[in-house]
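First, one chain by itself in C-alpha cells, the form predicted on its own.
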C-alpha cells in the first residue's frame, strides 16, 4: 500500500516521474491521461478565459439595473448588447468548452482506451473559439438574430456546430474502440448529449421560422439547451466524481437507469411552458406543463442515488474540494429542477412570469448546478494532467466560498424580489414605476452576488494558469480544504490510491 501511495503521489505531482516505475494499473491511467492531456487542457484553458470575460459582461449587465446610465454612451456596452454577450460567452464559451474538456477526459477513463482522432479536438477548439469570439463581437456591434441563446449570426453558429461535430466524432470513435463491455452511468449521459445537442442546435439555426412558430422554436431550443446539453454534462460529472472521490460504487444502478430514461422521456418537452398565456395552442402548453411536473421522477432518482452514495461519508466534504463543489452542484440540480416543475404550473406563473424570479432560476441551473460541478471536475482532473498539485489550497477555499455565497445571494434576492415584483404587477392599483422602484434593493443583491462570483473566477483563473505553468509552491500531497487527522489522512490516501 505504501508503494502504491508513493507511485500515485509521484505520478500526480512529479514531472520527472517515470511511468515505468508505477504499478500496471497506474501505468494504464497515465497512458490514458497522456492521450487526453492536450485537448482537455486546451478546452479548459479557453473556457476559463471565457468565464472571466463573460463574468465581467454579467456584472456590468446587473449594475445597469441599478445604475442605468453606466457606460450608456458606448453603443457596444448598452444593456441590449452586453446582456446577450454575457449569456452567449458563458453558455458557448465557458460551460460548453469546459464540458467538452471534462467529456474528453471522462470518456478515455471510462472506456479504458486512449483518445482517438485527438487532432480533431485542436480544429474543434479553434472553430469553437472563433465562433464564440466572432459571434460576441457581432452582438456587441449590433448584429444579432434577436432570439435568446441564438443571438450569434448564423455564420458563427455554423462554426460552433462544425467544431462540435469534430469533437463528437473523436469521442464516439473512442467509445467504439472501448476496452469495457459495461457502460457506466456517466457514459449514458455523455453519448446521449452527443446525439441530442447537434440536432437541436442545427435545427434551431435553420432560420425557417416566423411569428408564433419562431417563438415556440426559440423556447424549445432555449430550454432544451439546458436539457440535452448542459444537464447531461453536469449529471455525467456528478455520477463520476462523487463515487470516485469517496472510493465506493454508486448506490443503485437501477435508480440510474430510471433517472436516465425518465430524463430522456420528459425533459425535452419542457420549453413551451415558458409561453403560458402566449398565442400557441393550449394543448401544446399543457403537454409541456405535464412533462415539467413529471420531471420530479428522474430528479428524485438522481437525488436519492447521489445522497445514498454519500451518506455516511459526508465528513469528506470537509477535506475534498472536488467533492464539495460537485455535491453543491448536485444539490443545486435537485433544487432547480423542483423549482422548474413548480414554475411551469399556470397558477405559479401568474406571479413569477416576466419577473426577475426566472432570472434567478436560470442562474441556479447554469451556475449553481453545472458550473460548480465543472469547477469540481477541473480541481480533480488538472493535477493529473499537469502532474502538479494546486499550489494554494487557501485560494481553493476562497474560490468555493465566494462563488457559493455569491450564487446563493443572487438566487435568493432575485427570487424574493421577483416574487414581490410579480405580485405588485398583478395589482392594477400599483403604478408600474412604483414596481420598478420597489425592485431596486433586490437588484443590488444581484450585483453583490455577481461581484462575489467574479472575484471567485479571478481567483480560479489565477490558480488554473499557475498549475499549467507549474508555478507557486510545489506540493507533494493533494490540495485539501483542511489537513485531516492522521487516521483520516490514511483513509483519504487509500481512497486516492484506489481512484487514481
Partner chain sequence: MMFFRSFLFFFGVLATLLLGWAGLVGMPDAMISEIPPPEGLQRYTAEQLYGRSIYIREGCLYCHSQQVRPEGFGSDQARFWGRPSVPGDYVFDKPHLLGTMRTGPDLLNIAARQPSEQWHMLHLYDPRIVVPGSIMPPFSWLFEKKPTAAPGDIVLNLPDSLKPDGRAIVAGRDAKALVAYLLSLDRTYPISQGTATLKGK
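Residue numbers count along the first chain shown, from 1. These numbers come from a predicted model, not from an experiment.
Below, we turn to the form predicted in complex with its partner chain, even though it does not appear here.
K.L.:
With the partner left out here, check for me: in the model of the complex, does some heavy atom of residue 91 sit within 4.5 Å of its partner chain?
P.N.:
The answer is no: residue 91 has no heavy atom within 4.5 Å of its partner chain.
K.L.:
Using a 4.5 Å heavy atom cut-off, state whether residue 361 contacts its partner chain in the model of the complex.
P.N.:
Although its partner chain is absent here, residue 361 would stay clear of it in the model of the complex, with no heavy atoms inside 4.5 Å.
K.L.:
Find out whether any non-hydrogen atom of residue 288 is located within 4.5 angstroms of its partner chain in the model of the complex, and reply yes or no.
P.N.:
Result yes; residue 288 sits at the interface with its partner chain in the model of the complex.
K.L.:
Does any part of residue 116 reach within 4.5 Å of its partner chain in the model of the complex? Heavy atoms only, please.
P.N.:
No, no contact at 4.5 Å.
K.L.:
Among the candidate stretches 62-70, 43-51, 29-37, 453-461, which one is within 4.5 Å of its partner chain in the model of the complex when only heavy atoms are counted?
P.N.:
Only one stretch qualifies here: 62-70.
K.L.:
Which one of 390, 419, 120, 196 is close to its partner chain in the model of the complex, taking close to mean a heavy atom within 4.5 Å?
P.N.:
For this set of options, the contacting one is 196.
K.L.:
Of 386, 255, 147, 293, which residue is found within 4.5 angstroms of its partner chain in the model of the complex when only non-hydrogen atoms are counted?
P.N.:
In short, 147.
K.L.:
Within 398-432, which residues have a heavy atom closer than or equal to 4.5 Å from its partner chain in the model of the complex?
P.N.:
The stretch touches the partner through 421, 424, 425, 426, 427, 428, 430, 431, 432.
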